[in-house]
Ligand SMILES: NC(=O)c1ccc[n+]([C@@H]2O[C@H](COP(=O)([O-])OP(=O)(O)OC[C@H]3O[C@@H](n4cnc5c(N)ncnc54)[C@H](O)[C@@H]3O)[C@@H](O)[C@H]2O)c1
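Next up: a single chain in structure tokens, the form predicted alone.
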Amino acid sequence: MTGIEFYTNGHIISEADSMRQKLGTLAKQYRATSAIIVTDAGITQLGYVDIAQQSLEEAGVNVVVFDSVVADPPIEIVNDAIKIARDNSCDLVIGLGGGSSIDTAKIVALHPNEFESVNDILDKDVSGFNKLPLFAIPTTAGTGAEATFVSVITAKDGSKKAIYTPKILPDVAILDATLTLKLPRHITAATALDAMVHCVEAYTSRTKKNPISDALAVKGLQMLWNNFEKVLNQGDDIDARSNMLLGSALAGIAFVNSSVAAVHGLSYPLSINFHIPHGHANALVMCGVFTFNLSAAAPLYAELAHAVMPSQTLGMTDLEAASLFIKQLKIFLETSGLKYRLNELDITDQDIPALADIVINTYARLIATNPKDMTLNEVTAIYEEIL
């Protein structure tokens, strides 16, 4: 067996109402005196920032709030958050929200180091940097950002840039399902399918597949799969919401220590060029990519199928089980309420060549981890299939 180097959070709490009850105490354990909460305006409006702030202030921790994060955060937003953290001498960083807020917080936690702009540290080794204590509190069950050591931000040219180092792994992840109870159906669906993609791509990585990620990917997928329809139809089911949140975190740990692949490669141009949320973009292309991969990955997809549909796949060949697995994912998408054709999102056949070109020329690294290589024509065909 090849060597494995595996990273995960030092402390994960999965408990309803844990942010209210435990955030302040945890902050004091890290001897925090001044915390910055990195979030977005919607989370503030929901009242979640007030809950976090009260818990911290009751523990004697001063709080400053930065709630200007936007989806696919541009470098300028991250720089603004860093300035506020520096101006207030913050010694604890808390990412509260979706993946964009948590990814922003990861970079803010590096603010004690000498750099003027995030541009200065892109594509550079920051493993020797100091990092402040970093807490991640997700409000969606999808990105798994609370359990990963990658931060994805948007450069000035619109491309996605990643800072990828265990240095930015959150010290504490608080999985409080009460923060997901108000999620609307379409966000619940998109983030859940995103997390399922993380499990599948981690399990089938061509380059970094490993037994630890495999175990987490299988368990994460089971939790997500078995609770998906419950949270869509009974959004106030706290047990189902808790299972989704933990399943998403397991998926995050799995993929960041393995890899994601072509689903992400084809989804990024949709997000960049047409502002489709990341989870929805992944959901749009996942079945096309998985079907394309069947000739190389059917046995692995079959293993996942047996894990989530044991009775339905009993006695099936690998190809039969894998095909049923993909069919059920397609049913999840088509019954979720999400749009599932590109033309429903104002994308035309004239847009596809440019999208495919971006995949091949900008995100080749994600094709390299896919079970099967893709050519420009093959990427084009996948897009055309879902037009």
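Residue positions are given as counts along the sequence shown, with the first one as 1. Only a predicted model underlies this, so the values are computations on that prediction, with no experimental measurement involved.
Omitted here: the form predicted in complex with the named molecule. The next part is about that form.
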Heavy atoms within 4.5 Å of the named molecule in the model of the complex: does Ser248 have any?
-> no
Looking at the partner-bound form in the model of the complex, is Lys83 within 4.5 Å of the named molecule by any heavy atom?
-> no
Quick one: does Ala145 come within 4.5 Å of the named molecule in the model of the complex, counting heavy atoms only?
-> yes
Spell out, yes or no, whether the shortest heavy atom distance between Leu179 and the named molecule in the model of the complex is within 4.5 Å.
-> yes
Location of the named molecule contact in the model of the complex, chosen stretch of 55-63, 358-366, 37-45, 317-325 [non-hydrogen atom, 4.5 Å] = 37-45
Check each of Asn293, Ser213, Thr204, Thr139 and return the one that places a heavy atom within 4.5 angstroms of the named molecule in the model of the complex.
-> Thr139
The listed residue (Ile121, Ile238, Ala71, Ala155) that reaches within 4.5 Å of the named molecule in the model of the complex by any heavy atom is Ala71
Would you give me the residues of 324-360 that have any heavy atom within 4.5 Å of the named molecule in the model of the complex, in order from first to last?
-> none
